[in-house]
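What follows is a single chain, given as structure tokens, in the form predicted on its own.
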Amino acid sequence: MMNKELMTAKILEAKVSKGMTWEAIAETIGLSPVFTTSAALGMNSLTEDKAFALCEVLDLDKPIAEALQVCPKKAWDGAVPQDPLIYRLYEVVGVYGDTIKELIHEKFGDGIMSAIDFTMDIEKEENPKGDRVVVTMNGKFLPYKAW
């Protein structure tokens, strides 16, 4: 079985060689660009039909489709990332995480936002003072239960 790291490398190589965007790949296979990219980078899995569809779009072999279907180990290094964009997302959570938590608890009660029953969109908003990145996260509220 091909590992997720090699799978991702093969997908990225094929994406570049075909000159495709994540949006074009996602549209072709019928998934969102965010979820498609996440699966291609090894952090989510695809159903058999979507895995083979992605491989068909990129002219990739069966071992990659099989690797796309394997449930991933969702773990990452505990250190703060050095990539500037990913670091800034950590900064947003560091600065606003407690605020987001307080406001969610105030509006919904004691619980969490699901990252399983979840969607995310990333859009570009043109602005004369500098283009804006718009990230919309939509997760189901999961209340904690008393027993």
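Keep in mind it's a predicted model, so treat the numbers as computed, not measured. Each residue number is its position in the shown sequence, starting from 1.
FYI, the form predicted in complex with a further copy of the same chain isn't displayed, but the following is about it.
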Is P63 close to a further copy of the same chain in the predicted complex, meaning a heavy atom pair under 4.5 Å apart or at it? no
Looking at the partner-bound form in the predicted complex, is L142 within 4.5 Å of a further copy of the same chain by any heavy atom? yes
Consider T28 of the chain shown here, and say whether it contacts a further copy of the same chain in the predicted complex, taking contact as heavy atoms within 4.5 Å. no
Is V57 part of the interface with a further copy of the same chain in the predicted complex - any heavy atom within 4.5 Å? no
Scan 60-89 and note down the residues that get a heavy atom within 4.5 Å of a further copy of the same chain in the predicted complex; none is a fine answer too. C71, P72, K73, K74, A75, W76, G78, A79, V80, P81, Q82, D83, P84, L85, I86, Y87, R88, L89
